[in-house]
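One chain comes next, on its own, written out as C-alpha cells in the form predicted alone.
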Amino acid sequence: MNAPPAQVWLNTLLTLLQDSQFAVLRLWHALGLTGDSHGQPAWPWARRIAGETLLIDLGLARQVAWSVAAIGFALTCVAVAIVWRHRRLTWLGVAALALILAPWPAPALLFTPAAPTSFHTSPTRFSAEAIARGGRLYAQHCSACHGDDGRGEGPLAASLPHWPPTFVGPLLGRRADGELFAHIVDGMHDTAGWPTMPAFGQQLGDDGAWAVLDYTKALAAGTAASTNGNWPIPLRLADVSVRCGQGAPRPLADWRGNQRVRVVAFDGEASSLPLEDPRFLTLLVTRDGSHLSDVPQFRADCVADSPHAWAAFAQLAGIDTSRLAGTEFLADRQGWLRARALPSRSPWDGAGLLCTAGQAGSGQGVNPSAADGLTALLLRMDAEPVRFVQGGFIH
C-alpha cells in the first residue's frame, strides 16, 4: 500500500500545529497571561514552531508527525489507565515507552525566533484601497532602498551596509504576515545587533504598515509575472466592493469558499465582453470604478465599485494601467488568485496559470488536451489546490 502523498499529511500536520498555537495564544490571552500588541493578542514567547522549515525538510516533518502521534497515543494510554485501574501500571508503562521511543526533533530545528506580532492577521483583507495606500507610502518611505520594482536595487541600496533583499521571490512567503509587519514597524538588526532597516512604526502607523505589506505583495506579484511568468507567493484575490444588478454593494471576499471568480478589465464596447459562464462569477473592473448600466444580458454578473480596482489589478498583472483593458484573471473557490490571460494572447492556456508548483498539489490525473484551454485550466486549479503559504501556515 502506498503512503499518502506528502502534501496531504503535511497539510494536516501544519494545520494541527497552527491551530494548536492559536488555541494556546487565545487561552493565554483569555487568562490574562499575555496582553495586546498593536491591537491584537501578543505572542508571549520568544520562539514558535517553524512551519516554514517543515515545508522544506520532510525528514524533520516526519519526526514531528511521529512525535505528535506518540503524544496522542500516550494520552490515550493514560486515559485507559485512569478507567482500568487493574492494569494501570501496565498502561502507564506503555505510555512512558511510547514517549521514550518517539523520534523527538531537535528543538533548534523545530523552533524559530518569534515576535509578539507573529500570529497577527492583517485587517486590510488585501483590498484594492489598501494596495493603493500602500503604494503611496512605499514610494515615500521604501522605494529608495527596495526599488520601484521591489528588487532591492533602489538608488540608496548600494550605500547601505547590507544590500536590501528582493521581494521578487519566495521571501514574503517565508515569514508570517505578523512577523513581516514587525519588521516594518520595529525595523531589523543583524546578528551583531546593528540596524539593517530602520523602524517605520511612527511614520506609517499600524494601518499604514499593513497597507505597505499588501502593496509589497502586489508589487512582487506584478514584477515576477512580467519577468518570470509566475507569482512568487500565492495571493488572495484583491478585495473590492462589488455591485451586482441593483443590489447593495458587498465585499468580493464574501464569495470566498463558494465561488470561482473571473475578473475582466473592461474599457471598451460592452459587446466585446466574454459571455457569462456558470462555472464562475464574472466581475468587471472599470477605470473609474463606475457601475455599468448598458452591459448586455449574459455578459457579466457584477461590477467592481472601487476607483482603485483598476490600478490594483494592473499591479497584480505586471502591466501598465494603460494596457490593462482586456486582461482577465481567474480565482479558485477559496479566493486564491491563480491565473492571468493577457489580451495579446489566446484567452486561456496552460501558460496563464501563474500560481503553480511549490504552492499547490500534484495535479495528477489532469489531461490538458482532453478539453478546451479554459476547462483544462479550471480542472488543473481544482486538482492543485493552494496549500502552504506564509511561514508554512495556511492563511
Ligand code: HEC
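Model, not experiment: these values are computed from the prediction. Numbering starts at 1 and runs along the sequence shown.
Just so you know, the form predicted in complex with the named molecule exists too; it's not on screen, but the next bit is about it.
When you look in the predicted complex, the only residue of 111, 73, 104, 163 with a non-hydrogen atom within 4.5 Å of the named molecule is 163. The partner is absent here; in the predicted complex, the one residue of 307, 198, 274, 170 having a heavy atom within 4.5 Å of the named molecule is 198.
Residue 260 falls outside the set of residues with a heavy atom inside 4.5 Å of the named molecule in the predicted complex. Using a 4.5 angstroms limit between non-hydrogen atoms, residue 99 is distant from the named molecule in the predicted complex. In the predicted complex, at least one heavy atom of residue 145 sits within 4.5 Å of a heavy atom of the named molecule. In the predicted complex, none of the heavy atoms of residue 250 sits within 4.5 Å of a heavy atom of the named molecule.
With the partner left out here, the named molecule still marks one of 172-180, 309-317, 222-230, 279-287 in the predicted complex; by a 4.5 Å heavy atom cut-off that stretch is 172-180. Contact with the named molecule in the predicted complex holds for all three of 184, 188 and 212, each having a heavy atom within 4.5 Å.
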